[in-house]
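Below you will find one chain, with nothing else, as structure tokens; this is the form predicted on its own, and questions on how it binds or moves follow later.
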């Protein structure tokens, strides 16, 4: 199991639960590293059911949104499913303004999201 610096990865049944380590996801280098760690879950670890929890996240830059869009494409390209949960209202508003709430499967709590797989 590779060690991750930007994400905390656990498994609940068949679902890979990803939590962000950083509260503010802003700097370019950190976002590049975050993207690489997320993509490796699909490309190297063969994860098909991924739940991204925004539990600890206070702020997310638009560059980080780009990584999530790419992750969604990668997961769909292997017939997998990506869901998100525990998104703060301020961050959810960004998803709504950018219409990404229509792209991503966003759930309230982690348990609800896991049962939706």
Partner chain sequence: MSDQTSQGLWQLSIDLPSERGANRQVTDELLNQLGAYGWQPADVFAVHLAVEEAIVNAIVHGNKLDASKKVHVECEVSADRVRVAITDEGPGFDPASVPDCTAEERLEAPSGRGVMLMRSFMTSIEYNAAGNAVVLEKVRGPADS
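Positions refer to the first chain, counted from 1. Just so we're clear, the structure is a prediction, and the values are computed from it rather than from any experiment.
The form predicted in complex with its partner chain is left out here; the points below concern that form.
S.K.: I'd like to know whether residue 93 contacts its partner chain in the model of the complex, with contact meaning heavy atoms within 4.5 angstroms.
M.R.: Flag for residue 93 set to yes.
S.K.: With heavy atoms only and a cut-off of 4.5 Å, decide whether residue 11 touches its partner chain in the model of the complex.
M.R.: Result no; residue 11 lies far from its partner chain in the model of the complex.
S.K.: Looking at the partner-bound form in the model of the complex, is residue 21 within 4.5 Å of its partner chain by any heavy atom?
M.R.: Residue 21: no contact with its partner chain in the model of the complex.
S.K.: If we define contact as a non-hydrogen atom of the residue within 4.5 angstroms of the partner, is residue 85 a contact of its partner chain in the model of the complex?
M.R.: No, no contact at 4.5 Å.
S.K.: Within 4.5 Å of its partner chain in the model of the complex, do 3, 41 and 45 each have at least one heavy atom?
M.R.: No, the whole trio is out of contact, none within 4.5 Å by any heavy atom.
S.K.: Select from 88 to 104 the residues with a non-hydrogen atom within 4.5 Å of its partner chain in the model of the complex and write them out in sequence order.
M.R.: In sequence order, 90, 91, 93, 94, 97, 98, 99, 100, 103 come within 4.5 Å of the partner.
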